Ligand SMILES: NC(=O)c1ccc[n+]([C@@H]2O[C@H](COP(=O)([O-])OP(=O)(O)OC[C@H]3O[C@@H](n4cnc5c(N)ncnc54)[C@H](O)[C@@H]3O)[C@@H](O)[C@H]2O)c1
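Next up: a single chain in structure tokens, the form predicted alone.
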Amino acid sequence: MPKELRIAIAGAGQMGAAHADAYRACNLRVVAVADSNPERAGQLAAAHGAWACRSTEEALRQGVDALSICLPHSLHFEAAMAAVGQGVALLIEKPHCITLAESRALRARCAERGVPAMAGFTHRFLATSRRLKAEIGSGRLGRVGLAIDHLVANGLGPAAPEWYGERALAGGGIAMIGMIHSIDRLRWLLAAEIESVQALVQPPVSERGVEDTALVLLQFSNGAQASLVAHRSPVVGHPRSHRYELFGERLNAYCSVGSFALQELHLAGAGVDERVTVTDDAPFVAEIREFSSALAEGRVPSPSLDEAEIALGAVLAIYESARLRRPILLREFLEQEAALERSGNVVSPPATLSPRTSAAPATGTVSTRAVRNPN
């Protein structure tokens, strides 16, 4: 990669603006911003001295080295494949794809072209997440046997992107948009693979609508178990809250992320009562530093697309478990999906509808409200 990276951003909404600001904080140059809304593209481009484009393809023609994809989920795959075809590195907001077939095709294409790609699981880069990862790695908590994760997000009101409520565009509801962060973070913190998934969702999976509630049990390869709850509150003005707890042999950890700007971590046990409050975190900047450093060093950035595919597979297994009303063995589920794909007999259930089943603009239409936690 060249010393001075030339960055393009696809999608000029909330996430596109967050990425652009983080690139600036890392002294990296955004040269192109693409959005199907010319006014939105123009505003973000002007703020960063970049070229405003109407499509990802136009942005890629500006001689860029890397592309941040901040589009509606159903548009990630097409934009990513266009970039990989030109050897452009990728940073893709989660979920990186909405079907396993797309994910496998993208990973294969990146490997074939030698293109580095990173999934935007920003919660890994929260100050509290990194502190807790270090504490677990040092052995202070001992073996973690149980995790409890509780997310209550804002409802899909006028401030939310309209496509959040369309399964064909978002790939799913609160499990795909919010709980996927919890799944990835727990797998990362515990350094263990997910073995089984058991779930209930409400309302039930349908062709058009998305779920507002997901209740999930996870079994990990190291024996740990996790209980996850995610809900979109219909109450107007309900404050977003996200809290998770890890129960170890030596210490317990309690973490609250009301917003990126207000995080609390509490470590408690015999003779231990440590509390950390974070009010000045910049997780997008930390994420961009990992991405740009990996490109400069010629290594695979983390989280990789392999890890992103596991998180995506776990969410799709949630929908399958809720549909069949039984636990799903994740490895078996992923292998079965791959076998169906190879045989050409893929049957897309409602949770994994093709993004081409609903008309959508070529680039993002996300609102430009102030950056908060995106769940």
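Owing to the predicted nature of the structure, the values given are computational and were not obtained by experimental measurement. One-based numbering along the sequence shown.
A second form of this protein, the form predicted in complex with the ligand, is not displayed here; the remarks below concern that form.
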S36 near the ligand in the predicted complex, any heavy atom under 4.5 Å?
-> yes
Is W163 close enough to the ligand in the predicted complex to count, meaning some heavy atom within 4.5 Å?
-> yes
So in the predicted complex, does any heavy atom of H76 sit within 4.5 Å of the ligand?
-> yes
How about I177: is it within 4.5 Å of the ligand in the predicted complex, going by heavy atoms?
-> yes
Please determine, with the chain shown alone, which of 115-123, 191-199, 265-273, 251-259 has non-hydrogen atoms within 4.5 Å of the ligand in the predicted complex.
-> 115-123
Using a 4.5 Å heavy atom cut-off, are A12, R40 and E93 all in contact with the ligand in the predicted complex?
-> yes
Within 52-90, the residues having any heavy atom within 4.5 Å of the ligand in the predicted complex are R54, C70, L71, P72, H73, L75, H76
